[in-house]
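Only one chain is given next, in structure tokens, and it is the form predicted alone.
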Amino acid sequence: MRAVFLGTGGTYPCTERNVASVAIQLTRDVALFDCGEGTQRQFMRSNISFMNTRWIFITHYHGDHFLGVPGLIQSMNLNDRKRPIDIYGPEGTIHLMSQLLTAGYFAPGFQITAHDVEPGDKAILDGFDVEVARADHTVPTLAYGLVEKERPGRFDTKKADELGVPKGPLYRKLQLGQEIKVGGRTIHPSDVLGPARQGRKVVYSGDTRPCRQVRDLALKADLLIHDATLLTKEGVMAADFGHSTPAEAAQIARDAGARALALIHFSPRYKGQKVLEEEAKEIFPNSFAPADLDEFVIRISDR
């Protein structure tokens, strides 16, 4: 699993960075969180295909978070997409997408299903759930937690050899939780698998002031992606406009027991992001401020 930071800026695209969009590569499929204008071009500049996007999750309806949807859908259409796509967002998503994606000349050749979701809802994906929580912004805004389903325990090859299990397809069956027969004896998955392992978890805040709901959603997250629009010296402005500082994002990550923190949604006033990263690291050392197209691999943890 990897996160590709297609756009790390807020407000409007600037020479330093594009606006908010993060792609999470699962297996073949991609879950896209927010889709600011120009996202399809950012995909083209990355090593991830926009055609693999299967789900889009919009946090709220400020332009820098959703105006890229029509362009992305049209690019998919022009590339002869046939697979369906699901778009999730706050109340009004069904109505807005019906207006944006069915107007006049624009008729996608694949199924698009929009969903209104609210805090407490859960979207069931292939091998993953996406939990929905409330963020604290100036308009109704959601945060999302992508949670991988529990993974099988580690396969004990030494034990399998002792039980006479030949290498190959039977290993796979046991890993999938299926019993097998070897020499008239039934081998159970529990005979060769260790304790089940917790799935990976990625949380995306959208625009938000520091809030309990996002912290709770981010408990034990492998990666928290959090609004860090303005430095602490502009903290009053950040709060007035419904945003967080890097220090506040770092405090949320620390309180939640997250493994890593990615800062995002930087104000166009900053020509680089090092100063934002440094502020967060003082509180939560495993913080980073990605540039556009940076990637972060979310590895399986034994915790």
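Counting begins at 1, following the sequence as shown. Since the model is a prediction, treat every value here as computed from it, not as a measurement.
One more form of this protein, predicted together with a further copy of the same chain, exists but is not displayed; see below.
Participant: Only one of 34-42, 274-282, 247-255, 231-239 gets a heavy atom within 4.5 Å of a further copy of the same chain in the predicted complex; which is it?
Facilitator: Careful reading of the contacts points to 34-42.
Participant: Considering only heavy atoms, tell me if Phe57 and a further copy of the same chain come within 4.5 Å of each other in the predicted complex.
Facilitator: Flag for Phe57 set to no.
Participant: Does Gln198 make contact with a further copy of the same chain in the predicted complex, using a 4.5 Å heavy atom cut-off?
Facilitator: Contact with a further copy of the same chain, no.
Participant: Does a further copy of the same chain get within 4.5 angstroms of any non-hydrogen atom of Ala260 in the predicted complex?
Facilitator: Ala260: no, not in contact with a further copy of the same chain in the predicted complex.
Participant: If we define contact as a non-hydrogen atom of the residue within 4.5 angstroms of the partner, is Leu67 a contact of a further copy of the same chain in the predicted complex?
Facilitator: Heavy-atom contact with a further copy of the same chain at 4.5 Å: present for Leu67.
Participant: Among Ala160, Leu96, Leu170, Leu193, which has any heavy atom within 4.5 Å of a further copy of the same chain in the predicted complex?
Facilitator: Only one option qualifies, and that one is Leu96.
Participant: I need to confirm a contact call. Of Ile124, Leu78, Leu176, Val182, which residue comes within 4.5 Å of a further copy of the same chain in the predicted complex, counting heavy atoms only?
Facilitator: Spelling it out, the residue with a heavy atom inside the cut-off is Leu78.
Participant: Using a 4.5 Å heavy atom cutoff, which residues in 4-30 contact a further copy of the same chain in the predicted complex? It's fine if the answer is none.
Facilitator: Sequence-ordered list: Thr11, Tyr12, Pro13, Cys14, Thr15, Glu16, Arg17, Asn18.
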